[in-house]
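Quick heads-up: the structure tokens below are two forms of one chain, split into structure 1 and structure 2.
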Structure 1
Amino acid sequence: MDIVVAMKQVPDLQQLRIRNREPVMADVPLTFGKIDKNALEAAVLLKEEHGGEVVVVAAGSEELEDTIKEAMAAGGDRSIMLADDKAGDLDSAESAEILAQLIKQVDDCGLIIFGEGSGDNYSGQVGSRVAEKLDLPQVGSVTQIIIDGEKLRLTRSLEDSVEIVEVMMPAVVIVTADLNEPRIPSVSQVLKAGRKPKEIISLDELEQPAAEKTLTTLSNLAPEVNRKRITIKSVEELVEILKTEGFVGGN
């Protein structure tokens, strides 16, 4: 049985700069989001226990061919990706349509794992949309995955309770960041990542066109901050200012 992990190529937010309240994307490297890496780690742990292969599916710009090596180094066995510069800015509907078509190419797919939200817009929609397109059961907010024969036993962490859910495979599972701590690949794993099998397609090769874009970003400005620019010459002045602003209490 193969385990599919859907991952999204996103800018490395730790290297993002803000200028005139707008994000500066030039020279920002691309990577995978933290929760996508949690999803991959879950798949690798299950493979180590039950066998099979971990298949990573992703859609993004032509740089995805390099980005996908991160996932291969962290335990992915092979990848199926749509690498096309036209796919560098997909919304949830477009991503779901493309990922569903990529997943259909995996013959022995028993489990499909998504992170609960991407590292950029965090819409939390794609996993559910894919489950609908593939006509598969889905379970979200998952913090533990146990495979029991042809059945999954899943722990869901909700706001005021914890649920144990059982579902037959194949199924879509949407995991949280609390699931695990992603591993850091060794140097040898990084070197071997580029030699693992990969299948690359373009938008023109899809069986059916990607869904029409349903979301338009009107503004993406950072919050405006009004600084008071107060000059502080001593610790005593700092304490008095903090008291005046209500950050510390007076005696």
Structure 2
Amino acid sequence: MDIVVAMKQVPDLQQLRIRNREPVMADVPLTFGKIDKNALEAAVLLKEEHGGEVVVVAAGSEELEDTIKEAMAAGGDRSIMLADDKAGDLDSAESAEILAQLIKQVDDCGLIIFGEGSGDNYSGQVGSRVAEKLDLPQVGSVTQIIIDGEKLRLTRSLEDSVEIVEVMMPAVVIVTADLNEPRIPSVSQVLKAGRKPKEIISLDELEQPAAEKTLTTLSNLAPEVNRKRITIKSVEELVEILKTEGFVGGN
């Protein structure tokens, strides 16, 4: 049984700079979203325990062919990707349609893992949409995955409680960042990454055309931060100001 992980290529947020509240994209390298790396780590751990292959599916601009090496170095065994410069800015509906078609190419797919939200726009829709398209059960907010025969036992961490659910495979599992600490790929894994099997298609080669874009981003601005720049001369003064601002004391 193979495990599929869907990963989204996003700008490396650590290297992103904000000017006039707008992100400056020039020269920012591409990588995978943080939670997608947790999803991959979960898949690799399961593979190490139960066997099978970890298949990474992804859709994005042509640089994906390079970015996918990160996933291969971190334990992915092969990849199926749509790499097309016309697919650099997909919305959730488009992504879901494409990913569902890519996942259908995996014959013995027991489990499909998604991160809860992508590193860039975090719409948090793609996993659910794909489950719907593939007519598979889905479980979200997952912090632990145990394979038990034909079933999955999943721990969901909710705001006030922890829920354990069981679901038959194949299923879509949507994980949060808390479930593991992704491994650091070793140098030799890095060098082997580019040699792992990959299938690459373009938008024209999709069996069914990708859904029409339904969403238009009008603006994408960093929140405004207004520093108060208050200078204080004593602890008493600090406490007084914190009280006035409502950070300490009072109700």
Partner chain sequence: MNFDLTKEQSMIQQTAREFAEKSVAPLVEQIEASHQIPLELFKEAADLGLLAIPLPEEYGGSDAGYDGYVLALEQIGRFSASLSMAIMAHVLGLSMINTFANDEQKQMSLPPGCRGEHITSFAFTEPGTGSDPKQLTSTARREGDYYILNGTKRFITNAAYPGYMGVVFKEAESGKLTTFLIDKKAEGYSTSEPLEKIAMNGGQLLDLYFNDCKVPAANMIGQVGEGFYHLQAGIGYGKLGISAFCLGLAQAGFDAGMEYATQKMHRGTPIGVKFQAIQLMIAEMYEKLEAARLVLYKAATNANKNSRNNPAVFARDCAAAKDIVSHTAREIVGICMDIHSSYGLMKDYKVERLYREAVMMPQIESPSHIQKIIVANSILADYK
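Sequence positions of structure 1, starting at 1, serve as the residue numbers. It should be emphasised that the depicted structure is a prediction, and the values quoted were computed from it without experimental measurement. Superpose the two forms; the largest set of C-alphas matching within 1.5 Å is the rigid core.
- Structure 2, not structure 1, is the form predicted in complex with its partner chain.
- Among Glu48, Val106, Ser123, Ala222, only Ala222 lies at the hinge, the spot where C-alphas switch from fitting one rigid part better to fitting the other between structures 1 and 2.
- The angle of turn of the smaller rigid part against the larger, between structures 1 and 2 and from C-alpha superpositions, comes to 22 degrees.
- Here the two forms are laid over each other by their core, and the C-alpha of Lys243 is off by 9.9 Å between structures 1 and 2.
- Core-aligned Cα shift between structures 1 and 2 at Lys228: this is 7.3 Å.
- With both forms fitted on their core, the C-alpha atom of Arg19 sits 2.5 Å from where it sits in the other form; this compares the forms between structures 1 and 2.
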